[in-house]
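Only one chain is included here, represented as C-alpha cells and corresponding to the form predicted alone.
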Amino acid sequence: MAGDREAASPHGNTPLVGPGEVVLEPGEPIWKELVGMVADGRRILLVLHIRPDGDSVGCSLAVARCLRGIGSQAVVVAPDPIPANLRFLDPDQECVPPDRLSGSFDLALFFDCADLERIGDARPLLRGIPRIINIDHHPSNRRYGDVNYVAPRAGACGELALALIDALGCALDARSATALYAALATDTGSFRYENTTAVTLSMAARLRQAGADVALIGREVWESRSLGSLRLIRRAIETLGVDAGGELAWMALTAEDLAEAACGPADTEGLVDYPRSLRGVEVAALFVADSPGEVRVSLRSQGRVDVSALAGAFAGGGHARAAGCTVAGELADVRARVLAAARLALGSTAHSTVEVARTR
C-alpha cells in the first residue's frame, strides 16, 4: 500500500526541510498547501504510532482539539493503548482503538510517525482516505504522505503541531497547551538533550503562559511508577553489560521478565537511559525480546556515533542520538549482532564485557 500511495503522491519522495535549514518556514508553498488541506478537511483522522510516546499523543490530542474548535470532526486512533504515564493527557478517552472506528474520512494526519509500518492495526483505515499529511522530525522519515513536512531540526513534533495550530487560527487553551508541553518535554528529555533549541524553549515558555500544567506533567510522566515497573528496572539493571573499553553499555529483557514484573512493553520506555547514564558510555542499547522471534532494540548516543545509521543497518531509524529497530531472531544472536555493529561504529576492536550481573 505504501508503494501505491507513494507512486500516486506528487510530494511522496521530496524532502521538504532538510538538515541545516530553518525548522519551519510558513511561507513555503508546501506549508501553505498543507494548512489549506487541513483547514478544508471536514472529517479528519489523526493516527498515533504504535507504542505511542508523549510527542505522538500530545500533538494529536492538541491538534484534534483545535480542529473541533474550528468546526471539523477530528478522531484520534491509537493502534496500541496509551501508556499509563500519558493517560492524564486524554481524560475523556478520545484516543480509540482501530476496531471502534466507522465511517469515512477525507484526510489522515500523522505526527511523529516515520514509517507507515509504525501504525500497526490502524493501517487498513487508510484505505479510501484520499489524502495523507505526514508531519515529522525524524531524518529517517519515508515521505509516505501526499504532503510531507519533515523538519529534522525540530526538537519535537510538538513544535510543528503548535505552528499548525497557529496557522489554523485556533485559540490555545490550557488543555492543549499541556498536551503540547508534554510533547516537547518528553522528546527532549525534560529539555536536557541537544535537540533542545532556542525555538523549543521559547515555545515551552509560551505554552506555560497559556496554562500548561508543568507540575502535572512532571508528576505523571516521570514520578508515577507502578511497583511492577520498579521491579522491571531492577531486573534490567541485573543484566547490565559494559563493553568496548567502557564506551558501550547495554541491558536486556525477555517476555518472562515483563510477565514476572506484571509489566507491558510501555514499561520499557526510558530504560535505555540507565546504561546511557554511565560515565564514559558513548552508545547505550536496550534489548527487549517480548515477542516470539524478534527483538526490539533501543539505541542512544552521547554524540560521537549516529545511532540512526546504526539502527538503519537493521531496517530501523530515528535520530542521530536516539533510534531503534526491531530485529528478527533470538535475543542472544540479535544482541551479538547489534553490539558488534556498535563496536564497529565506535571504532573499537575490544570485545570484553567488564560487567554483567546476570547473563541471558
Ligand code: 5GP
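Owing to the predicted nature of the structure, the values given are computational and were not obtained by experimental measurement. The numbering used is simple: start at 1 and walk along the sequence shown.
As for the form predicted in complex with the named molecule, it is not shown, yet the points below apply to it.
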property: Interface stretch in the predicted bound form with the named molecule - options 329-337, 38-46, 298-306, 65-73, non-hydrogen atom within 4.5 Å; result: 298-306
property: Any non-hydrogen atom of A323 within 4.5 angstroms of the named molecule in the predicted bound form; result: yes
property: Proximity of P52 to the named molecule in the predicted bound form, heavy atoms at 4.5 Å; result: no
property: Contact of D213 with the named molecule in the predicted bound form (heavy atom, 4.5 Å); result: no
property: 4.5 Å heavy atom contact, E220 and the named molecule in the predicted bound form; result: no
property: Contacts with the named molecule in the predicted bound form - residues in 276-293 whose heavy atoms fall within 4.5 Å; result: none
